[in-house]
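In structure tokens, one chain follows: the form predicted alone.
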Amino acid sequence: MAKKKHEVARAIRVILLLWAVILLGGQSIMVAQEKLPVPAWSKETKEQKNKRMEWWTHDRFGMFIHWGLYALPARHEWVKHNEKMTNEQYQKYFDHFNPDLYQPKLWAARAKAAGMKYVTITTKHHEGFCLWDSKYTDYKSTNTPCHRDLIKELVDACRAEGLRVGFYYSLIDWHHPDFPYDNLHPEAPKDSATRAEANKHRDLKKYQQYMKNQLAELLTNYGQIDELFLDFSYEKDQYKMWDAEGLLQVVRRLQPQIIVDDRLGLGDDNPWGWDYKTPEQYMPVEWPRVNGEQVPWETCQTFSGSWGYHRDEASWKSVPQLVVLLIETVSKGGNLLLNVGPTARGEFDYRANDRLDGIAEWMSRHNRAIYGCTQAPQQFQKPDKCLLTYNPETKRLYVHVLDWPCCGGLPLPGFKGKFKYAQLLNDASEVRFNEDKDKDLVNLSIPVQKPNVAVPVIELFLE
């Protein structure tokens, strides 16, 4: 009976896993795998890995950019899948792709102004369309009416602004003739037997080599690339289909300093196969752990419900919501990769610009509560309706007040004797305080009127 219950529970988990992939718009789920032998080419120690990732864990904030042919229909980047379009039906978007207002220097400037330190762009999404002049396909931007290598222009613009560069590359390709039909493929036969028969005419080895060739191209022709976001594995043992180890070997050989995500499907028990975890469109309850140990992580999030440009999407987050999203991420030791979906003419939508401007305003006065910061030491418990970030180098603790008290006081239980000075971070105005004689409690004397910022921050100089 116990065994039967276990099998039923396992079946339910598998079903929920597959539905999550579909319902969450393609969110990758890290599929647990068995422990694999460490490859001979993977010799990095834990200390070396931490050193390699120092810039990333310091900078905390990056811009994600989802851009491709799906910007033309403007109704979700999975439009080809959602509407079961054939390659022939989707071709009209390729024929009319001409982002004449594309100004990568403006994109990079906006990212920098918002306090973002790196930019990760979709070089190829699931539709298979390439934004660079790849010699391994004709399905690329240089063959559209725009005739431009859009990746090169953005890479140059980001470097000019002092931003690090990341590439997103989809392991899925709905256009390539050798990518196997699966449950998510827009043109896959519904019947599994028919699908299996159709896949006999698709050469997986050719597709594996295609991916290796394109990744080698991207990691050779554009200088140092700092982050690689490979997307995605969604079934058990799918890493074998991708030849995940072979792909990663190419990446490590060409750019040993690069930081690679966890979506090849190599599993938690094979830390050589990934550098950081990627919770998508949700906030972990606490700092993610693997085998009991806290690990690097980056949550990727959208302004609204779509990654690509979606003209009619209405569920846009407000500036305060986005600022809190950034703060909470850092308070749990993570990075935030915040997405923009440019229009088919190559501009950031007005709603995205509005949010970026709001974030820029807040970050211009509060970025030191973000950069170099992480989760607060255990002896500091976050006060009610607040979040904490901590800079271990400067020994400063930041109290982010999410709901400003109306009575001119903010109690800090457990903070007695632990800091020597307090100030509002936005204007460096002193915040006076007194320690309770009988309790381990400090009362901050704050103004009744909330500072004119999205989220006020009190900076504490620790003893």
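Predicted model only: the values in this text are computed from it and were never measured. All residue numbers refer to positions in the sequence shown, first residue = 1.
Below, we turn to the form predicted in complex with a small molecule, even though it does not appear here.
Looking at Asp275, you'd find every heavy atom of it more than 4.5 angstroms from the small molecule in the model of the complex.
Proximity of Tyr168 to the small molecule in the model of the complex falls within the 4.5 Å heavy atom cutoff. Contact check for Arg263: a heavy atom falls within 4.5 Å of the small molecule in the model of the complex. The small molecule is not shown here, but in the model of the complex it comes within 4.5 Å of a heavy atom of Cys300. Comment: 224-232 is the region of 341-349, 224-232, 388-396, 364-372 lying near the small molecule in the model of the complex, near meaning a non-hydrogen atom within 4.5 Å.
Checked against the small molecule in the model of the complex, the residues Trp132, Trp242, Trp78, Phe179 give one hit for a heavy atom within 4.5 Å, which is Trp78. This chain is drawn without the small molecule; in the model of the complex, the residue among His126, Arg164, His185, Arg110 with a heavy atom within 4.5 Å of it is His126.
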